[in-house]
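As structure tokens, one chain now follows by itself in the form predicted on its own.
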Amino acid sequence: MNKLQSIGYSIYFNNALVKLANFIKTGEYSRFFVLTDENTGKHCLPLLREHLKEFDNYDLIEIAAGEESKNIDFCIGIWKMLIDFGADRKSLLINLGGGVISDLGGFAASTFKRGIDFVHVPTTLLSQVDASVGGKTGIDLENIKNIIGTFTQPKAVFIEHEFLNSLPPRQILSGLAEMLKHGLIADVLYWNKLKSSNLKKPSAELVYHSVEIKNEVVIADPTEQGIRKSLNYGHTIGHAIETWSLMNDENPLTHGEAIAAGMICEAKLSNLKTNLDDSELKEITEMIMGLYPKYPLNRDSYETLYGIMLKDKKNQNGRINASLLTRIGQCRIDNICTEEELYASLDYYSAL
């Protein structure tokens, strides 16, 4: 459980921050920068600083926490800071934070001076098992998630389990949704292991297994032409619910909370379209509902949700395209869904 090999880079686990310091030493970078947000700066930066004591050639860039920061304006701010700090093409950007930092920092680095090196030091469970691995960078535009971005692989990923100790329970649950998804789409034994584990604080072994599943999918299909689309299970509807919540709620859903609702809806879609068994639909629904509070959806929101889904970058020829389950542990990509089918899946969730 020390290391996984991905597309031209390594994902480090045990003593990850020691390995980060060694990576910087051998990288011959002119200087480096640490991108963080106000939460990570408070809770995680001190531990990172302990491992960077021998370095004096770096600066900090801090942004506001939250999905609202993942836009072109904050990206411009990062580019300006890099210019002000004298970043050149031999500079390194260290993305210390959750999914927003990974996505935004990766995009800023991949486009600054046509691309500088970056690494991810994910500090949330969500970013450790999802956003930091796979080479997707991106920002949101007009409430459409990740609609602008690049496929650019980091130079390394450093997963430090100790960072999870600083997370509130809600953030653990947010990352857990992606772990559940990995089991549902690719590994029934892992799904069953999650069912019987203490999910209030997932073990390093469970995190490693989740990253391993995602990494195998990414290696097989780096630019999402085929099997990588399976990682979108739960996200067609889940992203729409997440966007709706961001637009309408004072305390919006986390990514994982929205994806959890999306996975139930898309399990129902799978039941309707790809022959997912009634008993497995029930198993998925009960497992997820036992972990996540139900989000209040009603028919008044369906039209708006459908409109958000129509803008999803995964669609084909203006038709909504979802990845669905044939059984727990197996996923089928490229399923065109009608408005009526999507509404039926939302009805299923709403009636729970």
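Sequential numbering from 1, following the sequence displayed. Note that the structure is a prediction, hence the values are computed from the model and not measured.
There is also a form predicted in complex with a further copy of the same chain; it is not shown, and the following applies to it.
**Prompt:** Of the residues 164, 199, 141, 206, which one places a heavy atom within 4.5 Å of a further copy of the same chain in the model of the complex?
**Reply:** Residue within 4.5 Å of the partner: 141.
**Message:** Only one of 277, 249, 216, 88 gets a heavy atom within 4.5 Å of a further copy of the same chain in the model of the complex. Which one?
**Reply:** Checked against the cut-off, the match is 88.
**Asked** Would 114, 150 and 316 all count as contacting a further copy of the same chain in the model of the complex, using a 4.5 Å heavy atom cut-off?
**Response** Affirmative, all three are within 4.5 Å.
**Message:** Please pick out the stretch from 60 to 68, 308 to 316, 283 to 291, 40 to 48 that is in contact with a further copy of the same chain in the model of the complex, where contact means heavy atoms within 4.5 Å.
**Reply:** Of the options, only 308 to 316 has residues within 4.5 Å of the partner.
**Asked** Quick one: is residue 83 in contact with a further copy of the same chain in the model of the complex, heavy atoms, 4.5 Å cut-off?
**Response** So residue 83 counts as contacting a further copy of the same chain.
**Asked** Within a 4.5 Å heavy atom cut-off, is residue 107 in contact with a further copy of the same chain in the model of the complex?
**Response** Residue-level check for residue 107: yes, a contact with a further copy of the same chain.
**Residue contact check: residue 137 to a further copy of the same chain in the model of the complex, 4.5 Å heavy atom** = Yes.
**Request:** Answer with yes or no whether residue 224 is in contact with a further copy of the same chain in the model of the complex, where contact means some heavy atom within 4.5 Å.
**Result:** Result yes; residue 224 sits at the interface with a further copy of the same chain in the model of the complex.
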